[in-house]
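First, one chain by itself: the form predicted alone, in C-alpha cells.
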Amino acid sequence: MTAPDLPFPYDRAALKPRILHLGFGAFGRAHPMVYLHHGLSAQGGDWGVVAARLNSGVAELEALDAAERRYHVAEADGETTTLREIGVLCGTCHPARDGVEALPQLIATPQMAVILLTITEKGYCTKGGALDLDHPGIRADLAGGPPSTAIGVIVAGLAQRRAAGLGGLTILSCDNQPHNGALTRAAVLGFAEALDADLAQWIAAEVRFPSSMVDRIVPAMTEESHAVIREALGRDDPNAILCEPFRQWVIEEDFVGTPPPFAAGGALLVPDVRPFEEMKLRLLNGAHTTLAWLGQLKGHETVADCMGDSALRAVIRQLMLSEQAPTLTLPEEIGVEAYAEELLKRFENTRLKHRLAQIACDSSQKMPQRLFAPIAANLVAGRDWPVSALALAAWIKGLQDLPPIDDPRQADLRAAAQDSDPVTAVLSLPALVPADLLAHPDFLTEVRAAYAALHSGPTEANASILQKVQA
C-alpha cells in the first residue's frame, strides 16, 4: 500500500473558481478531478473547481466542506492500493442550500471558464438527439420557474454572462454518450432558442462544446470499500472513493481560451474523439450492460463474479470481438484484440465490487449507443449478432424476474414485459428503438429466439450462443 501524497504539490490557496462541475459525484471525484490534480502538480495554476449538485447531494457537499474540500482516491488492484489526496476543490454549491440563483450567478462570474458535466444520460433531457421540449423539467424551466434541470441552469447562467458583457466559456461533457459535445450543444441551444433567439445566436458563436471520452471504473462505495481506505489511510475518510488504477480521457481540442491543465495530467487532446468514444461505448459499456442483465439472471452480483464464470466470460469476449469491434473504425494505434483482453482483465478486479444492479440502472437510456447502434450496423453488413440479441433478451427477462432497478421508463418497461409477446411489447415502446432498426425483419425475430433460449436457463443460453458464434 502507498501512503497519501503530502503535502499538496500545488498551492491550494491560489485556486480560484474557474471550473464548475455539475453533477459532482463518485466518478467526478475519481476521474476529471484526478487529471486536474496531476495537471496542477505538473505545472501549477489557479484552476480551482466548484463542486455542484442539483437535486440530492447536499449532505455529501457539506461533508466535503467539513473536510476543507479534501478527499482521497484509492486505486485498488490485486493486493495493491495507491492512495492519493485530492485538493482541487475550492467551493461547493447546491441550489437547495445556496439559493436557486447561486449556480447561474456562478456561471456568470468573470473567472469561470469551464463547466464540466457528469449528469448521466437522462440529465441532458434529450430525445432523438435534440432537446425534449415535452420533458416535465424542461417545460417547467421554460415556463419561467427557477431552473431545475442542468440545461436550464446552464442557459440561465449563460444569459447572465451575456447580459454582463462577458465572453463565452467551454461546456465539457464527461458522460457516456456518443458525440456528447454535439448532444450538449443541441440541448443548450434548443433551450435557448425556445427562450430567446438572440441568446441562442450568442451561445452558438461564443460557447464551445468539445466532446470527450472518459474511462475509469468507479463503483458505488460500500462498507468494504471504506474499510480498504481506512486500512490504507489509518483513519476514515467519508468522502473518499475507491476505483481501478486504469484511467483514460480523450478530449476534443475545442476550448474557449487556454484549457485547464488536463493534458498535463495525462488527458489526450485530439481533433476527433469519435473513434475513441465509439470504441469505449461499444466494447466496454456494451459489455457492462450485457453483463448487468445476463449476469444477474445467472445469480452473479458483481462484474468480477461474472469473469469467474468461464462461459459468460467467453460470451462477453465474443460480443466484443465478433459483434462490436467490426462496427468500429479504430485509431491506427489501437489493437482491438489487445484492448478487449485488457478490458476483460480490468473486469476481473475483485477489489472494486462493481455491482451489476448499479450498472443496470437507466438501461433504457444506455441501450441506443451500447447495443442498438452496433446491432443496426451488423444487420446492414449481414453479420450475426447473437450475443447482442441475448443481451436484449436478458434485459426483457430481467424486467420480469429481477427486483425493480432505477430507470426513467421503469413503469412502462415492466408493464410491457408482462405482455404475452414481451419482446415486441418492450422493444416497440415509443422512442426506445430507432424506427429503422425496429422495422428490420430480422430484428425482433433474433431477439425472440434469444428470449426463448433464456427460458431453458441462462447457462444453456450461453452455450447455444457460443455454438452459434463458433460454428
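The numbering used is simple: start at 1 and walk along the sequence shown. Just so we're clear, the structure is a prediction, and the values are computed from it rather than from any experiment.
Same protein, other form: the form predicted together with D-mannonic acid, not shown, and the subject of what follows.
- Interface residue remark: residue 366 is counted as part of the site for D-mannonic acid in the predicted bound form, having a heavy atom within 4.5 Å.
- Taking the partner from the other structure, D-mannonic acid in the predicted bound form has no heavy atom within 4.5 Å of any heavy atom of residue 81.
- Under a 4.5 angstroms non-hydrogen atom cutoff, D-mannonic acid in the predicted bound form lacks residue 348 among its neighbouring residues.
- Using a 4.5 angstroms limit between non-hydrogen atoms, residue 318 is distant from D-mannonic acid in the predicted bound form.
- Only one of 282, 288, 397, 300 comes within 4.5 Å of D-mannonic acid in the predicted bound form through a heavy atom, and that residue is 288.
- 216 is the sole member of 313, 162, 216, 226 with a non-hydrogen atom within 4.5 Å of D-mannonic acid in the predicted bound form.
- Proximity to D-mannonic acid in the predicted bound form, taken as heavy atoms within 4.5 Å, picks out 353-361 from the listed stretches 122-130, 140-148, 105-113, 353-361.
- For the partner-free chain shown, just 176 of 155-184 comes within 4.5 angstroms of D-mannonic acid in the predicted bound form, judged by any non-hydrogen atom.
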